[in-house]
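In structure tokens, the next block holds one chain alone, the form predicted alone.
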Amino acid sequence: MIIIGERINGLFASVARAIDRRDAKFIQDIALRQVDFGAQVLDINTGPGREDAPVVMEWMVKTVQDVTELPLSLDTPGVKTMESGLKACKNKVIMNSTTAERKKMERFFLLCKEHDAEIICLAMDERGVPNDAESRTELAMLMITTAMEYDILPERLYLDPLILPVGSAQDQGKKVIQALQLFQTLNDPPPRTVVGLSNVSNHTKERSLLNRTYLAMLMGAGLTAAICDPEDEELMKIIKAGQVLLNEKLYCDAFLRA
């Protein structure tokens, strides 16, 4: 299980204020805290509605790279913002993300090839998120085949079946699990998968409980990576226990401290 830390995100009010003030230490402290709690990749998101997003992305990438060599996940739908982050990035990089829209795939796969990046592929197109697992899988296959047209092999992709909030789309939780299982049939070896875990609990009560329970279910369905909060200690314990139970990590009595 690859842990992608979600906390360097302008959606959080404290991060947005730090961006406005260009408070590098605040951003760096968040980065290092996530590393200390077990993050293996750091997601970087400028937040919504910023006209200066390309400049902000460049600053955030350089700021984080000054304190860690961990891979970075550049989280933006904007081509100019993505390109700005990629040019600034010296660390290994994941592009987050493209959809199955033809124009977007063309632009983002070109950047992916140019910068030797990995890329997250969202199972949606101009019509939105499909209602069923089979349609999500069709879009995932389209993105795999289109990526190969740009000489991007499946092992550089992360397929995201797209979690929706349980409070407004309760039937989708099971369908995402079904999609994950179907994704594994699309290539040999199976393609990697990723989710934005916190989406499942947006605007709900007991957010941590929902996140933790759903992650355990997703791990059982073959999930490869999660964008999540590594500072949630109980969530991290579930990940460690799941890795042991799925025979991904060797059991020892102190597996929670390993």
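Predicted model, so just to flag it, every value in this text is computed and none were measured. When you see a residue number, it is the position in the sequence shown, counting from 1.
We do not show the form predicted in complex with a small molecule, though everything after this point is about it.
- Residue contact check for I227: one or more of its heavy atoms lie within 4.5 Å of the small molecule in the predicted bound form.
- The small molecule is not drawn, but in the predicted bound form it has no heavy atom within 4.5 Å of Q243.
- The closest non-hydrogen atom of D75 lies within 4.5 Å of the small molecule in the predicted bound form.
- The small molecule in the predicted bound form is not approached by Q28, whose heavy atoms all lie more than 4.5 angstroms from it.
- Contact with the small molecule in the predicted bound form, judged by any heavy atom within 4.5 Å, is made by just one of N199, T213, Q40, Q65: N199.
- This chain is displayed alone, yet in the predicted bound form one of A100, A147, C89, I120 has a heavy atom within 4.5 Å of the small molecule; that residue is I120.
- This chain is displayed without the small molecule, yet in the predicted bound form the stretch 190-198 from 46-54, 215-223, 190-198, 28-36 comes within 4.5 Å of it by heavy atoms.
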